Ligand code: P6P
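The chain below stands alone and is given in structure tokens; this is the form predicted alone.
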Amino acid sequence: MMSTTLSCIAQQGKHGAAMMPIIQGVGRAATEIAYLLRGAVFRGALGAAGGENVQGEQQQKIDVLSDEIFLEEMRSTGFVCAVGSEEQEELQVIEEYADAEYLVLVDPLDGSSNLDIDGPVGTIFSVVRRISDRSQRPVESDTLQAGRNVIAAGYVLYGPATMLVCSVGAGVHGFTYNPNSARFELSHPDMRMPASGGYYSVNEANADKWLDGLKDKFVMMKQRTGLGMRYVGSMVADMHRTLLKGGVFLYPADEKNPNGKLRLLYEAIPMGFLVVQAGGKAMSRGGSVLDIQPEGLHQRVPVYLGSADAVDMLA
């Protein structure tokens, strides 16, 4: 019996056919990054790259390499005019396809600090259609679109298996890389977030510094839901568990990060899109994550993602 592969995306919703080449490109990037991760310690790819990214964070060598891999695979699709990356201060225009219709936003290696302890990491991405005329060079404002305009989004989890979870606006589906066939095969069709049960994921050590009266809300939420606590410190790993098991993931505003720490375009919107597609809720300060109008490539926001009941008690 033939397994179902990433090509099935072409039959999903009104955007599936257009998104299939891009998501297949994400799959190729994922297999390259997974290979890089497996041998990074032997190739000198771990450790600091000697610079900082736009957020002032120490760049790791593997962050830079993953960013390069992702850009090249998006170029190879022929359908992407530019890539916005958490690792790059400015929009990266793909000159030979500058008239293409789509832009991709990516956090190429989420949670890379976990590599020091051989922990799970991931890639997060989303796709939008450009606003500017295709006869012109794409510009940053093409990326500054609310989550309601996202056409496709997903993540790759590099764990014991490499898994690509994505949505083209017609539900959420998970594909696991099969090393025997060298393909991503459908392993988790129509992923739905459980309405109850599961876990909460947050760095609770910061509770005394949380803003927006969250500490009291959080105590009440724990009492009412009885959720257990699990926290990896990689958004992809923590959100993957939340999607499968239920509960809530949060990264609130605090005294050190009054606007939150996670990036709207590279983390909050893609994950928010998936959560809503899976039947959950994605909130920020004052409203839905997907309704926020981005003001810059590297804007940060507080996030509350998960089952509706738990999120409503916090946001």
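Please read these numbers as outputs of a predicted model, since none were measured by experiment. Quick note: we count residues from 1 along the sequence shown, nothing fancier.
Although it is not shown, the form predicted together with the named molecule is what the next lines describe.
Stretch-level contact analysis of 61 to 69, 254 to 262, 31 to 39, 273 to 281 against the named molecule in the predicted complex, using heavy atoms and a 4.5 Å limit, identifies 254 to 262.
Residue-level contacts in the predicted complex: of S113, S132, S76, N178, one residue has a heavy atom within 4.5 Å of the named molecule, and it is S113. Proximity to the named molecule in the predicted complex, taken as a non-hydrogen atom within 4.5 angstroms, holds for one residue of G233, G159, G171, G197, which is G233.
With a 4.5 Å cutoff on heavy atoms, Q88 does not count as touching the named molecule in the predicted complex; it lies far away.
Mapping the unseen interface onto this chain, F249 counts among the residues with a heavy atom inside 4.5 Å of the named molecule in the predicted complex. Proximity of N203 to the named molecule in the predicted complex falls within the 4.5 Å heavy atom cutoff.
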